[in-house]
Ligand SMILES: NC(=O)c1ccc[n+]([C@@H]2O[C@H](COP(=O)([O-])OP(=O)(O)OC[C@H]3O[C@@H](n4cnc5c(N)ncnc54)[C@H](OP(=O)(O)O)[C@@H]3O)[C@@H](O)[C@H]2O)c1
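The chain below stands alone, shown as structure tokens; this is the form predicted alone.
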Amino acid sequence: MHTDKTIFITGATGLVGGLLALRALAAGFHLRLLVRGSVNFSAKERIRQVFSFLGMPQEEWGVVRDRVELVPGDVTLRRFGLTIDAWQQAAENLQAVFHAAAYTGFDRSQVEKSVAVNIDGTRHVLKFVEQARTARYFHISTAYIVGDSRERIFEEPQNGPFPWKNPYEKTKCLAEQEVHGYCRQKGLNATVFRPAILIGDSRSGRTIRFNNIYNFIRVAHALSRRRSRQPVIIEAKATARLNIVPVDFAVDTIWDVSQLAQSGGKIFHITNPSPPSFVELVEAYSRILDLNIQCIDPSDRNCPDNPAKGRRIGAAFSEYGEYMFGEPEFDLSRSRALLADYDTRFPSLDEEYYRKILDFAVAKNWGNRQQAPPAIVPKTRETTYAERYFKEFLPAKLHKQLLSNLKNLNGIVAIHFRDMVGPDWMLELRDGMLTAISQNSLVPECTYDTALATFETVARGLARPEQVFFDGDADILGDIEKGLQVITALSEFFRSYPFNPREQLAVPQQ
């Protein structure tokens, strides 16, 4: 038992940080966790809920909570938003600092958030480590800091610039560069871990993030329930490999390596020694779901321009599309040298495992974050925004061909605000034009179900509706295939015609 030793962790309400916290508790350590509160939950309640979701029984929380100290702060703020005294006190008597907090979104509209969390957050943690002079520092990076490179990537600092695919790759690379530079300058010792694509626990399928390959699995699962024999067509290079790693293996490896003194000052890849090809993944889910899924590689000259009629689903998760055409090869020399059984302990990614992560995702409704039961909500800035959007802004767009790529878009879609009682808004689209706006007078083919505040971020062009869906902040009810087709096509509309009224939206007097 290490009852006299304390570990500081950022990102403990996330997947990796939360599992690291549980691993440290099981080893007998005290924890000091930097945790933000939220509108609905205190920091302590958030931690308790995350630990419970990650598998900690309720009765065990009562046993370990005295070894969990919460520091209410924000990694994006100088000194985490703490007073100097509180900041200095948080840095006292630490054995190690694990920086696991990160913004993992790929959306290019969220660049500022990526920079604030991944780069500025790392700078703030480095200053904290300097304050806690005796603590070892462990930085959670990503294997994908080199972007679209196809070369063999070694466990060494990477300086770039690289052809990054998205803000996540770029900001994590720049953050890692901050670590190496600051540690050289200040004489600090940092160990960097670069995990690949993290997916569900190898034993239970458990995760709290249903992104990356889950987007493909979710759409395929929805289509399988429609019992159509029409093939599902996805644009991907069949031989491209996906470096997917069960999260329990990644966290166990991070923990085991961190306990070895010889890991100090080194970089370790945590990647799949034999990553599956995309076609292997497709074939597995074709069998599991009894679905005919076909890979079409548009870069292949022998690929037909107009393949057999089928349902194309690639556009629904375009942010991850580039990962379906190949990735670098990740060297594992250091990880294998320190952990001789690295390859043999890596879990088998067979059909049973793929079924396991699917079953868990379905059981958890793909992480869809349902709100409290709807209530009659008084007039607020958000409700005023929604009313003005549907009553003032959209009517001015009726019967206009605003975007050429929407000419083939037809259907009726409903917008439902899950956090209020009231009629849904119905939008009728004909040949890419908005032809009718009403409330409950039409029969929708699908319903986009989200919260008022989330809808505002979409309508302002600050978030893409399909990504909000995959992030669990919205749901599609009814015909999910039609819903994805509509919201993916409408992404360009929201970006091209954001509703951001110049005047402040006043809250009506009650």
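These numbers come from a predicted model, not from an experiment. When you see a residue number, it is the position in the sequence shown, counting from 1.
A second form of this protein, the form predicted together with the ligand, is not displayed here; the remarks below concern that form.
The closest heavy atom approach of Thr488 to the ligand in the model of the complex falls outside 4.5 Å. A residue is said to contact a partner when one of its heavy atoms sits within 4.5 Å of a partner heavy atom; Ala101 meets this definition for the ligand in the model of the complex. Although the partner is absent here, Val16 lies within 4.5 Å of the ligand in the model of the complex, judged by heavy atoms. With a 4.5 Å cutoff on heavy atoms, Ala21 does not count as touching the ligand in the model of the complex; it lies far away. Put simply, of Ser202, Asn212, Ser335, Thr191 only one has a heavy atom within 4.5 Å of the ligand in the model of the complex, and it is Asn212. Only one of Ala361, Ile217, Val117, Leu427 lies close to the ligand in the model of the complex, with a heavy atom inside 4.5 Å, and it is Val117. Comment: 138-146 is the region of 274-282, 404-412, 138-146, 347-355 lying near the ligand in the model of the complex, near meaning a non-hydrogen atom within 4.5 Å. Contacts of stretch 191-206 with the ligand in the model of the complex, defined by any heavy atom lying within 4.5 Å, are made by Pro195, Ala196, Ile197, Leu198, listed in sequence order.
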